[in-house]
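Next up: just one chain, as structure tokens, the form predicted alone.
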């Protein structure tokens, strides 16, 4: 079951985020698989904890922020308008988007309490980084694919994208953020305030 509602347009955009090349350094497939396994372990530990909902969401935000390359993800999601932002606006948007995305996916991942996530394979995609494929299994439900794009193009190994049943987080969030920007009449400061809630 996907985390985001699948639309034809979103499905077509799914591969677009993976087409964005990132500078490659020395990341290997085994290193990428270990990195993703660490993400999975931390996600599952957080989701399956007996902490309060508020504490689980806070922990999820910390985990997500420690693994994801939010500045790059924010830039890819916003697209062309990113180039017009001041340095302060880029920082503010990245931070607001990180909080928004962590809360959104933290709430959705809570539904996977008791699930198992198994890495099945990995592919070196060159300048796109390493693609690590995994399968999510929940009792009484069909398994689904949850894949990861990992790169060390920023100088550190980071997650650039999650692909849920073929749907890219970056692509689906690009639609959401651009719709919000349009709803705020193209005003980036209003968008930032909107994301902060």
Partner chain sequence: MNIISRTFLRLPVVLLAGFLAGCAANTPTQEDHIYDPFEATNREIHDFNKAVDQALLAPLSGIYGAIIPEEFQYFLGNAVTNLGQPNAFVNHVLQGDGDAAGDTLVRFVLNSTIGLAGMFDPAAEIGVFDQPTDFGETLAVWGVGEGAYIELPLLGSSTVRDTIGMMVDFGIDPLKYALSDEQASYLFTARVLNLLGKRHEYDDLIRALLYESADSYTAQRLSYLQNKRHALAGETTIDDLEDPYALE
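It should be emphasised that the depicted structure is a prediction, and the values quoted were computed from it without experimental measurement. Positions refer to the first chain, counted from 1.
Not pictured, yet referred to below: the form predicted in complex with the partner chain.
**Student:** Just give me the single entry in 29, 165, 55, 45 that has a non-hydrogen atom within 4.5 angstroms of the partner chain in the model of the complex.
**Tutor:** Of the listed residues, the single hit is 165.
**Student:** Give a yes or no for residue 127: in the model of the complex, does one of its heavy atoms lie within 4.5 Å of a heavy atom belonging to the partner chain?
**Tutor:** Taking the distances in the model of the complex, the answer for residue 127 is yes, it comes within 4.5 Å of the partner chain.
**Student:** Within 4.5 Å, heavy atoms only: does residue 154 come near the partner chain in the model of the complex?
**Tutor:** Residue-level check for residue 154: yes, a contact with the partner chain.
**Student:** Heavy atoms within 4.5 Å of the partner chain in the model of the complex: does residue 76 have any?
**Tutor:** The answer is yes: residue 76 has a heavy atom within 4.5 Å of the partner chain.
**Student:** Spell out, yes or no, whether the shortest heavy atom distance between residue 94 and the partner chain in the model of the complex is within 4.5 Å.
**Tutor:** Result no; residue 94 lies far from the partner chain in the model of the complex.
**Student:** Where does the partner chain sit in the model of the complex: which of 31 to 39, 46 to 54, 137 to 145, 59 to 67, heavy atoms within 4.5 Å?
**Tutor:** Correct option: 137 to 145.
**Student:** Going through 105 to 138, which residues have a heavy atom within 4.5 Å of the partner chain in the model of the complex? Please give them in sequence order.
**Tutor:** The stretch 105 to 138, when checked against the partner chain in the model of the complex, contributes 108, 121, 123, 124, 125, 127, 128, 131, 133 at the 4.5 Å heavy-atom cut-off.
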